[in-house]
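First, one chain by itself: the form predicted alone, in structure tokens.
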């Protein structure tokens, strides 16, 4: 694989092998001499998979992310094309690891960074998620990229505030803005059940779900396999039940987790799950989205990366609305790229970061990914109808930070303190026990209840 990929750098008649288990009939490959193969294997380190790929005259660019699904990969690939065009002597190595919200990627990355092994750049949610990597020990500031590319003038003030860490430095360059609180629905299934509009309240939602059920249609498509879908759904229910100020207050100590509205949100979530596909624990978010695409279920609460899946699948018969109770609120997250302290190709990484923040890259990446630009100067005409609505809402809605996607709380609170009780609750349905655990977690995070 390594010999073939190195040949491919200079001679494109040779194959570029991404997966050692997949070599197609007809590919031109290089079989090295035994001495060369032995020398390679003697030096090869399985923790450095990029050694299996070739290097250009200016080395490699190893990009770590969890973007492997249809819209995700399509967007990332658009950035790869732009980078390669501007840097033809750099060989790009896509080090993506599947798993929504980075549930698999983040753990493996942290192990690598602690072991002194790093990609050149990696995907990082804007906000407090950076604390996972103990800045500036495992990741280093990218203030120089902001200055050279004039990025402070390109991004909105609130996003810059989210991006700037408490030490006054930037550790990531954002490429997009996602909305978490979206209710997607299959228009044909709504029509079949005699439903004419998306529900705006939870009472309307459950009435709609009952109509769908009576028509023999699974009301809700839900996943759980990637380890974030349940928590994501409950987050949007909290937003819709507590409102923008009440939800924000959960993460600053202004709202108590003992609040009766948190109890209401738990009861709503418990009821919501009863309308979902029975195999939700076995499905990823993308598989759950596919249920809606394939007409197997009618509604799905998911971030607008689902819009990228619709685009990749050429599925257009869908509608959208804010999740019940959250009209006028934008539950936001942003993907950025960071620079590890031990990045092997720093110059190549900084060229990638500058590209990630550019207008050209964001206008190519986001329509495919199903997100809107982090920049304020992108052309809305390049985006589909849903994304144009998101662009409009982003300008006028109340913005709240996603906890599941790294913006609202410290990593330990978001994972052990918030995520674990919600996942346990989804299986037990014990409202009192779940709320007590959430109260305890907030107190442990420094906000006595």
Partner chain sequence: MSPKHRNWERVVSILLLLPSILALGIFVYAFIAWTGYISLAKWDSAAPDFTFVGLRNFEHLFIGDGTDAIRFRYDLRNMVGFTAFFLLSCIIIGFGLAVLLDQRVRGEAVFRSIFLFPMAVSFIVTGVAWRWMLTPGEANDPVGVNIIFTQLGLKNLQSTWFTDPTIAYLSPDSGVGAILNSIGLGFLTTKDFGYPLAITSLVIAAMWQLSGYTMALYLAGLRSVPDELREAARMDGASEVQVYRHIILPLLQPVTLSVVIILGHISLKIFDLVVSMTGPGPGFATDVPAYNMWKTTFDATLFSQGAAIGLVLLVLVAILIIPYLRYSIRAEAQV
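Numbering follows the first chain given and starts at 1. Being a predicted model, the structure only gives us computed values, none of them experimental.
This next part talks about the form predicted in complex with its partner chain, which is not shown.
Checklist line | its partner chain in the model of the complex reached by all of 143, 164 and 290, non-hydrogen atom within 4.5 Å | finding: Heavy-atom distance to its partner chain in the model of the complex: none of the three under 4.5 Å.
Notebook entry, point to check: Heavy atom to heavy atom, is residue 395 within 4.5 Å of its partner chain in the model of the complex?
Noted result: Output for residue 395 is no: heavy atoms all beyond 4.5 Å of its partner chain.
Check: Any chance residue 411 has a heavy atom within 4.5 Å of its partner chain in the model of the complex?
Finding: Because a heavy atom of residue 411 falls inside 4.5 Å of its partner chain in the model of the complex, the answer is yes.
Note to self: At 4.5 Å between heavy atoms, is residue 210 in contact with its partner chain in the model of the complex?
What the structure shows: Residue-level check for residue 210: no, no contact with its partner chain.
Checklist line | Contact test in the model of the complex: residue 63 vs its partner chain, heavy atoms, 4.5 Å | finding: Answer no; every heavy atom of residue 63 is more than 4.5 Å from its partner chain in the model of the complex.
Next item on the list: Tell me, please, which stretch of 106 to 114, 331 to 339, 350 to 358, 182 to 190 lies within 4.5 angstroms of its partner chain in the model of the complex when heavy atoms are compared?
Entry: Residues of 106 to 114 come within 4.5 Å of the partner.
Check: Pick from 311, 132, 241, 268: which residue has any heavy atom within 4.5 angstroms of its partner chain in the model of the complex?
Finding: The residue in contact is 132.
Check: Which one of 364, 258, 169, 296 is close to its partner chain in the model of the complex, taking close to mean a heavy atom within 4.5 Å?
Finding: Going through each option in turn, the one that passes is 296.
Notebook entry, point to check: In sequence order, which positions of 409 to 444 have a non-hydrogen atom within 4.5 Å of its partner chain in the model of the complex?
Noted result: Residues within 4.5 Å: 411, 412, 415, 416, 420, 421, 423, 424, 427, 437.
Item checked: Closer or farther: C-alpha pair residue 254/residue 135 in the model of the complex, relative to this form, given a change of 3 Å or more -> Note: Cα gap between residue 254 and residue 135 shrinks in the model of the complex.
Note to self: Please check whether, in the model of the complex, the CA atoms of residue 224 and residue 110 lie closer or farther apart than here, given a change of 3 Å or more.
What the structure shows: Compared with the form shown here, the C-alpha atoms of residue 224 and residue 110 sit farther apart in the model of the complex, by 3 Å or more.
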